[in-house]
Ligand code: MN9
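Only one chain is given next, in C-alpha cells, and it is the form predicted alone.
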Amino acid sequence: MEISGSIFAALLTPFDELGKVNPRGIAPLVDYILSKGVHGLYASGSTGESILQSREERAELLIALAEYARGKCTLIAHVGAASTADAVSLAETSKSLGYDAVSAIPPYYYKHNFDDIRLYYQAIADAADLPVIIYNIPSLTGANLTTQKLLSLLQDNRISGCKFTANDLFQFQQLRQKAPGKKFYFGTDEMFLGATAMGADGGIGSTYNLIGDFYFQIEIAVKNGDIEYARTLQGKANELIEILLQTGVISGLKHALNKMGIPVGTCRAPFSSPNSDVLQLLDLWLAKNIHI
C-alpha cells in the first residue's frame, strides 16, 4: 500500500473554551492547511498535544477528522502511546475510519529493551493492517533508536518508513541510502531544505499548519535546481521558527491561527500562555508574511 503525497501537516488539535477537543474546529483548520498545497494530515502527534489527552479524546479527534477530510487528502493517524494496548486500540480505530496509514513513537517513559519495542510495533501493524511509519523523536521520547535498530525495524514489510525528527542529517542520509525501498519524512522544520537535498521523501511538520506552502515550494525548488529560492523560503520559515521557539511552538501556532480567524483554542495545561512582548513579534511576522 502506497502513501500518497510528500508534505504533511502535523495537525494541531482544536480545543474549545472549556479545554475539550472541539470537532467543530476541524473544518476551518483543515480547509486552511489544504489551501496551502499540503498533501495530507498527520493527526494526534506531538503537535496535536496527544500526550496530554486520553485515548478516548484522541479517538474523538481521529473520528472528527476522518468524517470531514477522508477523501480530500492523505490521512495519517499517530497512534503511539506508553502502553501497547492503547496504541493497538487507536490503530484499530484508525483502520475502521479509513485512514491511509498509522504512525507511532516508541513506547516512552520506561526504558524498554529493543525486543519489547519491536513487539510494540508488530502489534500496531497487526491491528492497523495499514502502512506503519515509525516516529523517531529521541529528544522527547528518550528512546535511542540507532541506525541499526531503525533498519532492523524497517525490515518488516508492513513498516513503510520513518518520520525522522532529529538534527542528525548524517544518520538520516544513512537510513535513506541503506533502506531505499522505504519512505523517509523529515520532521525538523528548520532543516527541511537540508533533508530535501539529502533525498527526503517529504516532510511532516508543525509549522505546516501555518505555512505549508513554504515547504511545498522548497521541495519543488530543490527538484528544479533553484537552490537560491529554496534558501529564501527556508530563511523565511526559520524567522518564524525563531519566534515560535520563544512563544512555545504549539502555543505560538495556535495564537497565529486564532488571530487569522481559525478557531483552534489554546494549549492544554501545563502549557502556559506566551507573554505579550513575544506575541507582538509573532504578530509583526504574520503581518509581513501572511495575508490576514
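Because the structure is predicted, anything quoted here is derived from the model rather than measured. All residue numbers are counted from 1 along the displayed sequence.
Although it is not shown, the form predicted in complex with the named molecule is what the next lines describe.
- Taking the partner from the other structure, the named molecule in the predicted bound form has a heavy atom within 4.5 Å of a heavy atom of Ser46.
- Although the partner is absent from this view, Glu219 stays clear of the named molecule in the predicted bound form, with no non-hydrogen atom inside 4.5 angstroms.
- Remark: Asp189 counts among the residues lining the named molecule in the predicted bound form, judged by a heavy atom distance of 4.5 Å or less.
- Within 4.5 Å of any heavy atom of the named molecule in the predicted bound form lies no heavy atom of Phe214.
- For the residues Ile137, Leu154, Leu193, Ala101, the 4.5 Å heavy atom test against the named molecule in the predicted bound form is passed only by Ile137.
- With the partner removed from view, the residue among Thr74, Thr165, Thr141, Thr93 that has a non-hydrogen atom within 4.5 Å of the named molecule in the predicted bound form turns out to be Thr165.
- From the list 24-32, 51-59, 241-249, 257-265, the contact stretch for the named molecule in the predicted bound form under a 4.5 Å heavy atom rule is 241-249.
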